[in-house]
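The chain below stands alone and is given as structure tokens, in the form predicted on its own.
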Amino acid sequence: MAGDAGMLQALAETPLSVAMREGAWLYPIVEIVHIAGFAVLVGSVVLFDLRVLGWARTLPVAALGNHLLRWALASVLLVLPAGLLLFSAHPVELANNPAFILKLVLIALAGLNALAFHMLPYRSVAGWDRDHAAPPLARCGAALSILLWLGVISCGRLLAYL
């Protein structure tokens, strides 16, 4: 653990980390990019999940998924580097923040849930692509996805308070 704390402290002392903390505009700009990226990511995921849960059944699930997945993946190109920059500003504090740790766990679970969804129920999407209810496993995965991403957002917001 001491090695990890040393690495985190070393990260906190890098010029970029110092600039993130001490610059008047860098941290807020990076935070805005992170939040905007998350809005696109979670918005895309939730819209798709709502379709799987039965909303707008006339929209083909596969076509909607292909469209929204591009937006979700593109948003990761904003969210991930911005999140790493935000972390670099306060690595020691964040590594010990329960909301941050829970946020990372929830992101990992959301990713595993998405992987399971694509490997299991989504393989049979042709049978429920339009005008049919998604199978129960797909609906459970969609509901879980929404809950996990709401948890991620909540933890991100709680970072300032814990």
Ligand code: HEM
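Start at 1 and count along the sequence shown; that's the residue number. The model shown is predicted, which means the values in this text are computed figures rather than measured ones.
The same protein also has a form predicted together with protoporphyrin IX containing FE, omitted here; what follows describes it.
Contact annotation for residue 152: at least one heavy atom lies within 4.5 Å of protoporphyrin IX containing FE in the model of the complex. Proximity of residue 51 to protoporphyrin IX containing FE in the model of the complex falls outside the 4.5 Å heavy atom cutoff. Under a 4.5 angstroms non-hydrogen atom cutoff, protoporphyrin IX containing FE in the model of the complex has residue 159 among its neighbouring residues. Protoporphyrin IX containing FE in the model of the complex is not approached by residue 105, whose heavy atoms all lie more than 4.5 angstroms from it.
The candidate spot formed by 27, 35 and 83 lies fully in contact with protoporphyrin IX containing FE in the model of the complex, as each residue has a heavy atom within 4.5 Å of it. From the list 93-101, 115-123, 57-65, 128-136, the contact stretch for protoporphyrin IX containing FE in the model of the complex under a 4.5 Å heavy atom rule is 93-101.
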